Each structure stands twice: as structure tokens, then as C-alpha cells.
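This document opens with one chain alone, in C-alpha cells, the form predicted on its own.
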């Protein structure tokens, strides 16, 4: 593997709801437990990371990484509107302090898909008041934690709601989502129940961009942390006849958000595959193409393409804040990551300002609507005992990280 610059971040990532367990006050916890719902499994105990974080951070350190990207949970910190939990903030302060004690750079995400139930009951990100509510939460959190945070991500994959809305327009179950929202509203007494993953992305997008901008200013006012947002960037490729739709998809899903990141300290690039677009919309992978457990194409070269796109459109520093693969064969994870990293080195050789590579994910965890089926982790987790077992890919990537840091 080619040489990486001094100070390059080598990390793995998790999201609170996917690993902590028992996030009772969140919007998705309710949706997970609706009859005939959207989710294959409820999150339940997840990986019990809420109690086992010290072990997991030590494991990450022992493998050779120097950075841990994780999220703090808004639903735990503000379970009722305007009422903030000192106990939850103290928990996350201990967690961030543990990273420093292990010489691990903490990168803290303030919103990773889930929100408090009260927020969803008010229409979530479709409500213009979401901008101020999110900024209020960020201000409380950064006042309590900011002196320990060197990197902050405001909103994880702020373009995902729009992307998912456009994908559902090509055949995803809008009726099932509508029924779940209606049932959730009936159970809670909310009038316009909506979540980040299942809401109207067109309505949410201006509020998400505004919330990022406002929370960026709030966080910068209370810390010297480097602040940015992360984006889900597919490499969009036009198939014959799909040139116009492809350009429209790239503009709406990628470009407008990358341009919104201009002036930030960095933008997080999160890439897993490419999307080919024909004259009627997104196409399935070509016949015979290797697919992942998420049923999209095994295509690690997409990362290089999206890094170059982000450098052009965002005009700021870049960090790969997620990249990985859900697969049963760990050797395919190694092959995927090796090819993705070669793309990163080509970007570095061309002078692109890439400051780190953070693999998704540290642990096999709760993969949202797909439940516990897909396994993205470098570390396997026994669903009964919670025992952690590093996979060969964990040792392989950790060795690369350790060797790069020794230069």
C-alpha cells in the first residue's frame, strides 16, 4: 500500500442507535415495534456498546487505529422537548474522555438518523422548526462536551432523505411507510409523524441544510473543533439514454449538498457503490455483477470518483468518514477495502486534501430496516453473549493503519 501523509486519520465508525441498545425515547424504536412494520428486526440490546464502550475503544486501539467516529444520541440527551439529561451528557463525556485516555481521536456525530420521539411527532425534519430545535440540542451538547471534541459532524448523510425519497419514487413501498406513519401518529397523538429515514426528503432537504449551517455556527462558537457534515455520495453513472436523469440525480443528491459544505472545515465522504441510471431511472447491477448483502454492486472504485467530485464541488478538506461492505465472506471485505484504499492513494498523489479513512463499521450491528442480517463489521458480535471477535479484515486493516502511522 502506498504511503499516507503524517497525521492521516485511520479509524472505524459506529452510530449510537445501531450499537448502544435500548434507545427507548427515539423515533425509530417506535417504528421498529409496529406490527407488520418496516424493520426486519427490532434493535433491542444492539451491541450493548452503551455499557461496553471501554472494551470496544481498547479493542479499536489494539488493532492499530487512531480515530473513532461515533454518534451521541439526541433522544437520550433531550428525551423531552427542552429538557436535557445531565446523566446522558455525562455518559458521553466519559466516553469521549476514554478515547483520549486510549490515544484515540474522537470524531463525534451529533445526528445519525435517529431523533427524539417528540421531534418525530412534530413532523421531524419536514417541520421548519426543526432547524432551531436541532441547533438548541447542539448548543447544549457542545457546551457540555466541546472541550473534549476535536472533530464534530453535524448531520450524518444529510442527503439521505432526498435520496431515499427519489428511490421510493421508482418503486419502494410508499404505502407501507404511510401506514406506519399513520399508526405511529395514532399511538403517540402526534399530528404529522415523520422520521429522517422514512419522511419526505424533498420537504426535509432545505431544513436539513439550514440546520447544518446553524448548528455549524453554534458548535464553532463553543469549541475549537473542526466541524463539517457527512454525505452519502454514490458515483452516478449514465447508461445510454440516461444522461439527463443522471445529471439531475447528481445535481440534487450530491452537488447541492457539497456546495452547502463550502466554508466548512471538512466534508465527510461516505461511499459504498455506484448507481447506473438509464432513461427511466436507476438500473439494477449488470447481469453477473457481484452484489453485497445490501443487494447493491460490489464496486469499491466508486470512492475515488466521489472523492474527486467532493474536492471539486465542496472545495474544502475531505475525510472518508464511511466506506465498507456488508458481506459474509470476510476476504471480500479485504478485497473491497484494498481497492478502495488504492483509489484514496491516487487521490492523494494528485494533491486532493484527503485527511483520513474511517471504515464502516467497527462492529456487526443493527443495519436499520435490514435488521441484523447484513454484517459490515471488522469485528463480529455474538447476538446472545455479546462476545466480540475480530475478523481477519480487522487485523489486515489495522496493520496498514499501524504501518502508516510509523512513518
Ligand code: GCO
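Positions refer to the first chain, counted from 1. Predicted model, so just to flag it, every value in this text is computed and none were measured.
Quick note: we don't show the form predicted in complex with this ligand, though the next part is all about it.
Interface membership of residue 25, defined by any non-hydrogen atom within 4.5 Å of this ligand in the model of the complex, is ruled out. A residue is said to contact a partner when one of its heavy atoms sits within 4.5 Å of a partner heavy atom; residue 272 meets this definition for this ligand in the model of the complex. This ligand is not drawn, but in the model of the complex it has a heavy atom within 4.5 Å of residue 367. This ligand is not drawn, but in the model of the complex it has no heavy atom within 4.5 Å of residue 393. In summary, among the residues 113, 151, 216, 266, the only one with a non-hydrogen atom within 4.5 Å of this ligand in the model of the complex is 113. This chain is drawn without this ligand; in the model of the complex, the residue among 322, 78, 304, 235 with a heavy atom within 4.5 Å of it is 322. Residue heavy atoms within 4.5 Å of this ligand in the model of the complex occur in exactly one stretch of 34-42, 359-367, 378-386, 340-348, and that stretch is 359-367. Within 4.5 Å of this ligand in the model of the complex, a heavy atom is found for none of 71, 225 and 355. Contacts of stretch 16-41 with this ligand in the model of the complex, defined by any heavy atom lying within 4.5 Å, are made by 18 alone.
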